[in-house]
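In the block that follows, a single chain appears as structure tokens, in the form predicted alone.
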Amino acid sequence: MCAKKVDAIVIGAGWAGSILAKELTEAGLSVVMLERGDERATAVEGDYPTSIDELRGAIRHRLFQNLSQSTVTIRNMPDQEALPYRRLAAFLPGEGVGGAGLHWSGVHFRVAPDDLALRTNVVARYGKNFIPEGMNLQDYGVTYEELEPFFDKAEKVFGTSGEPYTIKGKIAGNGNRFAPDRSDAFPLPAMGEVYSASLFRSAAANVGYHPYALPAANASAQYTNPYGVQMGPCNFCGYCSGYDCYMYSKASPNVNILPALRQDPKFTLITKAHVLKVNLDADKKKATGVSYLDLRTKKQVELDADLVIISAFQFHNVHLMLLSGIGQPYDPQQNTGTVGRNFVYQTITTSRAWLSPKQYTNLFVGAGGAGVAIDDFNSMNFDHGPLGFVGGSPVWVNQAGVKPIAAAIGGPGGKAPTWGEGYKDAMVDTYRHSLTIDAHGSNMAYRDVYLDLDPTYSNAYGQPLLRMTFNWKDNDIRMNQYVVGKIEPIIKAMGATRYSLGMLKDGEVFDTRRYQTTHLGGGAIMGTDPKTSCVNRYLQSWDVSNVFVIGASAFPQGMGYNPTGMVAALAYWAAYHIRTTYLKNPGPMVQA
């Protein structure tokens, strides 16, 4: 049993929560971490060969949220009735110790500096009228230069593999020439390239683009991180996304932070603890602790603390703020309030190229973070003026390993027969001789895309579900179509025998029935104005100063890059300012 009062409560045992718990215990605080899911340890769940069971992992969703207990409701437009998301498909939030950080793939980007001040940059370059009506474009309130030391720290903790372009202003490798300057090299060299990635690199360079190795939180070699935790080299088994890594090669909170954190007597982890709300004082200006349901005993528990860290999955953060009465809920009609505002996603579409029968891509081989990308059409790296949209998209070949059931469900693609001998032949041809290219793009925030509490449906604990109002908008559809059009010359340069381009269609409606990405963001965004943001630049609640809200919920818009690297850097950034400023003088922190 833990004490009834502790220094800090951390809600959620994923990347953000684990980082904050480690930093706060290092600062001398007693910390209780509350995780509603099960205990998970790589030595158990990652045991070989049971850990690479595709049926258990990817089909029966062993590591993912139990939607029968709590889920979200979803609608496309504000005038529709939202319905519960009852079957995992479009996105896959994690549950249990490690959270989504246990089942992620491992692509580990920093951030495009222009994205941190996107509104400022768009207005400076194209004027205010360039921003479409209804788009809530917003800056983060923090710069890349401020975050760089924390990106560096996160990479060293994760054991990230990659190749730099510049370090301290000097060219240091053949990395991404659009990437911002670094203070140090990657901890490990870039991952090796499978055939499909090397073919993409050559073809992209031949048509004038600038390919680079994806930064991967998959260890390219044996590694020991600053916490003394060891990682083994990746063997390209193909079981990354949706799985524990039995090789201890994929970074996760379970492998890279928790083994060190668990040894600290100031740290307590409580699993099967579903947090119902953050408790506030009578003035609703200070958190006094939390109420949580012990899922083993079915009893409600009150735990007091001086500091509360909300660091669950993106929409769980927003849900908990709404349930707790922290901040003003967003009103899309008046465009007032902040909690639930600027909910965002990412645009991701997949194109496929088929090669000659003599070229084997062996799709079963792969690693979640390994691959080759181009950034020529990401962020502000190209002229948007004649195109009339905001945003962009990296493009990559990221062969992460296609398993047999997934290959069968996906089918051979193209114009193949839908059954019989022709279908089987096409399946074999696709599995052996094709590759996929992703356009993994941004998604802007809009006035009528938001999160709030559902008036109809409740979870297993009697609380209203979170309601998600989301649809694709013309700006993001046109951005995706433009970038996908730039993939075609690469495919032709590969010498493909045939190909299909995957892109969003005009007027396309968001469809929850097929997987797209688990990169959701916004809803509790950061900024410098309490009228348009939930948390300040240090991720401290404007309304309740001893509550910090950490995660992709802080993103004002969806960027083209995978979010985990940014989440980790923001977590270390917030922790640094809690340790150096807040703990010395608790209360609202001055916006430096």
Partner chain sequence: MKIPSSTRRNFTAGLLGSASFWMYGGHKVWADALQSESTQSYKPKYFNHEEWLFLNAACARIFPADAHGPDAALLGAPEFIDRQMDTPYGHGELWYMSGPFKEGAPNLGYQLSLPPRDLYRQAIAAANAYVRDHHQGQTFSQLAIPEQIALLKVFEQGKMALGAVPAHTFFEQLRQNTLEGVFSDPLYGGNKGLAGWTLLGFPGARADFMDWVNQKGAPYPFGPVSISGETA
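Note that this is a predicted model, so its numbers are computed, not measured. Residue numbers count along the first chain shown, from 1.
Below: the form predicted in complex with its partner chain, not depicted.
- Query: Quick one: in the predicted complex, does every one of V142, G507 and D543 get a heavy atom within 4.5 Å of its partner chain?
  - Reply: Result no, not one residue of the spot touches its partner chain.
- Message: Counting any non-hydrogen atom inside 4.5 Å, which residue from Q300, T224, N174, S458 sits next to its partner chain in the predicted complex?
- Response: Contact residue from the list: S458.
- Go through S500, S198, S291, T497 and name the one with a heavy atom inside 4.5 Å of its partner chain in the predicted complex. Selected residue: S198.
- Message: Looking at heavy atoms inside 4.5 Å, which stretch does its partner chain contact in the predicted complex, given the options 260-268, 435-443, 301-309, 187-195?
- Response: Single hit among the candidates: 187-195.
- Query: Is E81 close to its partner chain in the predicted complex, meaning a heavy atom pair under 4.5 Å apart or at it?
  - Reply: Yes, E81 is a contact residue.
- Message: I'd like to know if G414 sits close to its partner chain in the predicted complex, meaning any non-hydrogen atom pair within 4.5 angstroms.
- Response: Flag for G414 set to no.
- Message: T349 versus its partner chain, in the predicted complex: is there a non-hydrogen atom within 4.5 Å?
- Response: Judged by the heavy-atom cut-off of 4.5 Å, T349 is well away from its partner chain in the predicted complex.
- So in the predicted complex, does any heavy atom of Q230 sit within 4.5 Å of its partner chain? Contact check for Q230: no, nothing within 4.5 Å of its partner chain in the predicted complex.
- Message: Heavy atom within 4.5 Å of its partner chain in the predicted complex: which residues of 500-514 meet that condition, in order?
- Response: V509, F510, D511, T512, R513 sit within 4.5 Å of the partner.
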